[in-house]
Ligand code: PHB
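There is one chain below, alone, in C-alpha cells, taken in the form predicted on its own.
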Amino acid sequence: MILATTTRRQIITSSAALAGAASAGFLATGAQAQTSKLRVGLMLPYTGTFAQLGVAIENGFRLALNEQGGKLGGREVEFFKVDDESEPAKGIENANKLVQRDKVDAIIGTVHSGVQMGIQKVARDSGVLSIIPNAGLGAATRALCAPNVFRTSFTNSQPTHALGPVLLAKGQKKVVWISWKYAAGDESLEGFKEGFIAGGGSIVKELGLPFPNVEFQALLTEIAALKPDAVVCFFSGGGAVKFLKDYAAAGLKGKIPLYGSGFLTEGVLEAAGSAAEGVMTTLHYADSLDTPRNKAFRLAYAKAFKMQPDVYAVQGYDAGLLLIKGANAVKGDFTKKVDLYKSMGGAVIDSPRGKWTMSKAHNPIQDIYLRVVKNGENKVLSVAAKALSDSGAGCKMG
C-alpha cells in the first residue's frame, strides 16, 4: 500500500487527461461493444487519496495499448471500470462485478494492498487473468501466488532490500528503523533486514506508530538520544512530507543521514521542499533515468496526457506491455491459458525503468536504483541492486 496526497488541481488535471482520452476514442462504450472484443477490467482508485495513482496507472496502460493500435493480439478492446475507492471491505464485491457481471478476460488492479487481497481471492477462485500494477503485498507472489496472477510493480521488500548494502558500504552499521506499523511498513522492514543484517549491520531500535498517525516528535527525540549512524524509514505521501519536515525541524538533518524506500521522496518533493534535499532512497524507477527508452516514454506520455509520468504510470505501462506479449502469443485467444501464461511468465519487458523479467512467482526481477534528492529532483546515483528478485517464499503454482 502506498499513500499519496492528491490536490484538487491534480484531480482536475487527471480528469481532463482521461476526458481527452475518451474524446479521442480510447474509451469503448456499451453501444460499441462487440462479441469479438477482448474485455479488460480496470479496478483502480478513482476517488480519494489514491485517485492520482489510479489515473496514472490507467494512462500508462492505455498508452501501451495505443502504441499497438489499441488492440490486443489483433482484437479490439472494451474496457470496464470500477472505482475500488481503496476500500478493502469492497475488494471481493468489486472484483466479482468485473468477473461475473462484465465477464472480463483480464483484471488490471490495484494500488491498495488490502483491496488487492480481495482481487487475489477472486482471481484464484475464478481463474481470471489478473495483473497487479502497484500493490506491493508480498503474499500475492508468495503464499497466495497463482498461475493467472502477475505483478508489474514490486514487492514492498524489494526497494528496501537494496538499501542494506548501500549503508554498509558507507560504514553505517548501526541504524534506527522507523515506519508506520502496517503491512507495507512491516514488509519494507523485512526487506531491509535481509539486505543489512546479513552483511553485519544492526538495527539498534525499531520505532513505529499506527497508520496514518504523523505525530513524530517523541520518536525523533528518541532518535536524537540514540545517535545512530543513520535512520532508515518507510513513509509515503502526506506522511512522508510531514516526516521529512519534522526530521529537519528537529535538527537531525545534516547530523544523522536519512534513507528510505523510494516512496519517501516519490511525488512529494515540491511539498517537502528543502527538507528533502540530500535524502537517499532506493526504487525501481527514477524520472531522470538517462536512457533513450525512458526519454521516449516520457515524451509520448506527456504528449498524450499533458502531464508528466511517474513510477505509477510506468507500472501501468508495463502492465500493458505484459498483456500485449501474452495476447500476441495466443493471437488474442485468451482461452489458450497455458500458452498465454507461459508467454507472460517468460516475457522480457523493455520498460522505461530498464529491461526486466518475471520470476517464477510472477514478480519482476529488476534493477533497484540509488537516488538522491538534488535541487528538487530524484537524481540517479547508481544501480543499488542488479536484477533483484523477491524470494517468492511459499509460492506453489498449482
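In this text, rigid core is short for the largest set of C-alphas that superpose within 1.5 Å between two forms. All values reported here derive from a predicted model rather than from experimental measurement. Note that residue numbering follows the sequence shown and begins at 1.
Omitted here: the form predicted together with the named molecule. The next part is about that form.
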>> Just to be sure I understand the contacts: of V104, V268, L72, A135, which is the one whose heavy atoms reach within 4.5 angstroms of the named molecule in the model of the complex?
In response: A135
>> If the cut-off is 4.5 angstroms on heavy atoms, which of these, N156, T141, S179, S130, is the one near the named molecule in the model of the complex?
In response: N156
>> Does the named molecule, in the model of the complex, lie within 4.5 angstroms of each residue among L53, H112 and F234, using heavy atoms as the measure?
In response: yes
>> How about L323 - does it come within 4.5 Å of the named molecule in the model of the complex, if we only consider non-hydrogen atoms?
In response: no
>> Even though the partner isn't displayed, in the model of the complex is A184 close enough to the named molecule, meaning a heavy atom within 4.5 Å?
In response: yes
> If you check in the model of the complex, is F150 within 4.5 Å of the named molecule, heavy atoms only?
Replying inline: no
>> Test of understanding: in the model of the complex, would F263 fall inside 4.5 Å of the named molecule by heavy atoms?
In response: yes
> Want to guess which of 290-298, 121-129, 87-95, 104-112 is within 4.5 Å of the named molecule in the model of the complex, heavy atoms only?
Replying inline: 104-112
>> With the named molecule taken in the model of the complex, which residues across 306-328 come within 4.5 angstroms through any non-hydrogen atom?
In response: Y312
> Aligning on the rigid core, do we see the C-alpha of G267 shift 2 angstroms or more between this form and the one not shown?
Replying inline: yes
>> Is K181 displaced by at least 2 Å at its C-alpha between this form and the one not shown when the rigid core is overlaid?
In response: yes
